[in-house]
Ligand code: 1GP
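Take a look at this one chain, the form predicted alone, written out in structure tokens.
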């Protein structure tokens, strides 16, 4: 569905309306079977997109294996739902999108890929060099790129350190506004505001609001969002998508994850 026409995926990602949740799966933190179980639980709970990637421990092998396992699990659930008149098979039409730390974290079977520039990095590696390495394989595999400005905000965590980012402080309103306008001027379709995986505090709502007021880009926010109330603050400030990863990894039981995410997403949109 998603890969046959890239515009379908882009319309889905960029469409306005109620804020939606993304589950981020790190192949370095779980095997593919566990990842698939967690994604099934997340979709039942209300997650509407799956990111695969996110850490320096990912590569083409574990990313590809994880993407395939998740897609197979979703397809099986969709087929089962189609055989039951009381079930909605459309529930399982959720895109599996790469969220790469580097060009080598690639799977040609993914539905899409966040094609990012780490805009506040001091290193050309994250501004253009990794993108150059990945551009041709992405096009050859017909994986839909989602153009994205990626901005790391304080505290930044590991991604800020590895990405050599000049972190955006809570009161850097003028600077984050300039980044947002710059991303829009480049022609990016979206902007991701990242506080860092497992951050002790999320992106400031003031920064999110400044981005919302300065551009028409789709806004994704992740890092340090540990409950639905915090997610709701980001949504109220203007976020279109909320991304959580560490929250997922804290559950060995898929049912426990499903219940927690259901509460999280309900609170996020309350």
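Residue numbers count along the first chain shown, from 1. What you are looking at is a predicted structure, and each value in this text was computed from that prediction instead of being measured.
Beyond what is shown, the protein has a form predicted together with ligand 1GP; the following relates to that form.
Contact with ligand 1GP in the predicted bound form holds for all three of 99, 196 and 245, each having a heavy atom within 4.5 Å. Heavy atoms within 4.5 Å of ligand 1GP in the predicted bound form are found in one stretch of 79 to 87, 186 to 194, 125 to 133, 164 to 172, which is 186 to 194. The shortest heavy atom separation between residue 257 and ligand 1GP in the predicted bound form exceeds 4.5 Å. Using a 4.5 angstroms limit between non-hydrogen atoms, residue 9 is distant from ligand 1GP in the predicted bound form.
The closest heavy atom approach of residue 224 to ligand 1GP in the predicted bound form falls within 4.5 Å.
Ligand 1GP in the predicted bound form is approached by residue 150, whose closest heavy atom lies within 4.5 angstroms of it.
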